[in-house]
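A single chain comes next, written as structure tokens; it is the form predicted alone.
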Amino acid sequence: MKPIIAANWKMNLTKSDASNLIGHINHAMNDIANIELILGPSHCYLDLAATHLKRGVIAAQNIAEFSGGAYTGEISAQMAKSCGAKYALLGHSERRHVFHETNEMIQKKLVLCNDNGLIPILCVGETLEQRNSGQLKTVINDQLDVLKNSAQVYFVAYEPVWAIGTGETATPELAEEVHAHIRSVVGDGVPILYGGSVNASNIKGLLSMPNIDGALIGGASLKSDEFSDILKISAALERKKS
């Protein structure tokens, strides 16, 4: 399996910055053939990224739980698809904790992804308090419950909340333990990514774990040199995995 590297730009970059970063990514990808690249720009740059990214596919950072209508400021699955998105991030911890998204909302988004030909990347993860109180598997299972009986193709991204944007990263062994649990729930055919302060220094150790199929990268994906290094390191670590 080729390593999957997904970049989540979050609410960052001007249009000019985004264009320049895409140019750097294109240059880095010139000599790389054996990774799967997914780029998640802000919604207003979806079309820009879809047009100018030479090798890779596009993900919307979120979609609305509604198919369309009077929902000012929202973006529908159909709109994201029409702007070139192939994937959509769902249930990111920032959506859950800042915008109070619930499993019910995420389930509606899963249906809309399926209806509009988008592949969902479901984000799951626990807070430090939940981990320390022994609730890790309970929390993860509850978040994965939205996939119950789902026949659609999907990815899962494990992002411990305590490691997102903090500089703290789960050790490869800790991350692998949770990935193995997720694997026991979703099965062998589902790609599982790790996210949470991933950078060029820790990507090799993380991708060396048998149940970590790739990475969902935030801050480091905004730095052209750092992200280029991540791509090169990841490409050199392709595993012969079915």
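Start at 1 with the first residue shown and count on from there. On a predicted model such as this, the values are computed, not experimentally measured, just so you know.
Just so you know, the form predicted together with 1,3-dihydroxyacetonephosphate (13P) exists too; it's not on screen, but the next bit is about it.
Contact of G219 with 1,3-dihydroxyacetonephosphate (13P) in the predicted bound form (heavy atom, 4.5 Å): G219: contacts 1,3-dihydroxyacetonephosphate (13P) in the predicted bound form.
Partner proximity in the predicted bound form: S197 to 1,3-dihydroxyacetonephosphate (13P), non-hydrogen atom cutoff 4.5 Å: Because a heavy atom of S197 falls inside 4.5 Å of 1,3-dihydroxyacetonephosphate (13P) in the predicted bound form, the answer is yes.
Contact of L118 with 1,3-dihydroxyacetonephosphate (13P) in the predicted bound form (heavy atom, 4.5 Å): Because no heavy atom of L118 falls inside 4.5 Å of 1,3-dihydroxyacetonephosphate (13P) in the predicted bound form, the answer is no.
Partner proximity in the predicted bound form: K10 to 1,3-dihydroxyacetonephosphate (13P), non-hydrogen atom cutoff 4.5 Å: Judged by the heavy-atom cut-off of 4.5 Å, K10 is in contact with 1,3-dihydroxyacetonephosphate (13P) in the predicted bound form.
Heavy atom within 4.5 Å of 1,3-dihydroxyacetonephosphate (13P) in the predicted bound form - the one residue of V146, I164, V124, A170 that qualifies: Flagged contact: I164.
One stretch from 49 to 57, 189 to 197, 29 to 37, 204 to 212 that, in the predicted bound form, holds residues within 4.5 Å of 1,3-dihydroxyacetonephosphate (13P) by heavy atom: Correct option: 189 to 197.
Those residues of 135 to 159 which, in the predicted bound form, come within 4.5 Å of 1,3-dihydroxyacetonephosphate (13P) by heavy atom: Counting only heavy atoms within 4.5 Å of 1,3-dihydroxyacetonephosphate (13P) in the predicted bound form, the single contacting residue of 135 to 159 is E159.
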